[in-house]
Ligand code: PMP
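Coming up is one lone chain in structure tokens, specifically the form predicted alone.
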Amino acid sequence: MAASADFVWKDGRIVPWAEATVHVSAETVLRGANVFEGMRAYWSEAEKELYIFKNKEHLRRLRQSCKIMRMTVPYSDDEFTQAFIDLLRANKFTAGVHFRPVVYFGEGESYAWKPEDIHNGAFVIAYSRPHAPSIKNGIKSCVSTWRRNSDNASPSRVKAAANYHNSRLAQVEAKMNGFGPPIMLNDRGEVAESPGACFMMVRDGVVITPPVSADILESITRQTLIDLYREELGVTVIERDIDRTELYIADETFFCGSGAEVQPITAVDHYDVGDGKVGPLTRRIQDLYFDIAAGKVDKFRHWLTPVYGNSRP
């Protein structure tokens, strides 16, 4: 069953889930003409508080995607932030949440972009999403036969719904073949990312990840982990192209993203990664990331936006 909740924020109002609709003739329906963010909020049981993780950074990336797509963002960052808080409160979440702000083209002229020619709208959906069970023990991945979107065709830098048809092809293929999320190569044959998360690996104690020019999303989680590895764990991180065969001799591999969080990969194309178990540098960054997101590390509380404040659920 698809995830759902009691309420949705749509075009400035909190509405019941079933009433959050757009017309079938809207460009967002016919052509996937929307951009979005995948965001997380983490529950602190000790504080009875829900924390939105890196709200400012997500809103900045949403506006970058809108700029490339020539979309007019109909709300300010402050208005979006209040919308997130209002929606999460309305749904009375007291556990981990995944939520998605979406800016979309509605009814109007085909391929129009000016507000006077086509409706520019926004909505936010949210639903409970605990850690996946595979976070603990890892997944078995593969290299997809489908290539990642090229920047000169359908740029992965833009978090647009239409780009995820490419992701769907790769994800379904991997699932039919008995794997978890696959690793996708770009049109140059180098490692890009998964259908919905960035990729990192460890070789000889060094963390390696493809550069932002490798046809990947400019991931907020990816940059967060790079910073934490370097500044908190004292681990060297290198951003460079990764060959396919490096996947088979890596010591550790994992995906990272707001949805995927820090997802260990224990095998690729039936090759064990390292000893086939979750590696130590993966586990260390995973533990630190989750502690920060739940408000347990004072140094990084500026990354968090509290939802309830004095209004406890």
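A residue's number is simply how far along the shown sequence it sits, counting from 1. Predicted model only: the values in this text are computed from it and were never measured.
One more form of this protein, predicted together with the ligand, exists but is not displayed; see below.
Overlaying the pocket C-alphas and bringing the ligand over as found in the model of the complex, would you call this site open, or blocked by 3+ ligand atoms sitting within 2.4 Å of backbone or C-beta? The site is open here, because the ligand, transferred from its pose in the model of the complex, meets no backbone or C-beta atom within 2.4 Å.
Check Pro182 for me: does it contact the ligand in the model of the complex (non-hydrogen atoms, 4.5 angstroms)? No - in the model of the complex, heavy atoms of Pro182 and the ligand never come within 4.5 Å of each other.
Distance check, His58 to the ligand in the model of the complex, heavy atom within 4.5 Å: Yes, His58 is a contact residue.
Although the ligand is absent from this view, report whether Ser258 comes within 4.5 Å of it in the model of the complex, heavy atoms only. Output for Ser258 is yes: heavy atoms within 4.5 Å of the ligand.
Whether Ser194 contacts the ligand in the model of the complex should be assessed with a 4.5 Å heavy atom distance threshold; does it? Ser194: yes, in contact with the ligand in the model of the complex.
State the residue from Val103, Leu87, Met201, Leu217 whose non-hydrogen atoms include one within 4.5 Å of the ligand in the model of the complex. Only one listed residue qualifies here, and that residue is Leu217.
Scan Tyr127, Tyr75, Tyr164, Trp113 and let me know which has any heavy atom within 4.5 Å of the ligand in the model of the complex. Selected option: Tyr164.
If contact means any heavy atom within 4.5 Å, which of 116-124, 229-237, 173-181, 186-194 contacts the ligand in the model of the complex? Contact-bearing stretch, as computed: 186-194.
Site test, Arg148, Lys159 and Thr221 vs the ligand in the model of the complex, non-hydrogen atom cutoff 4.5 Å: Each of the three qualifies.
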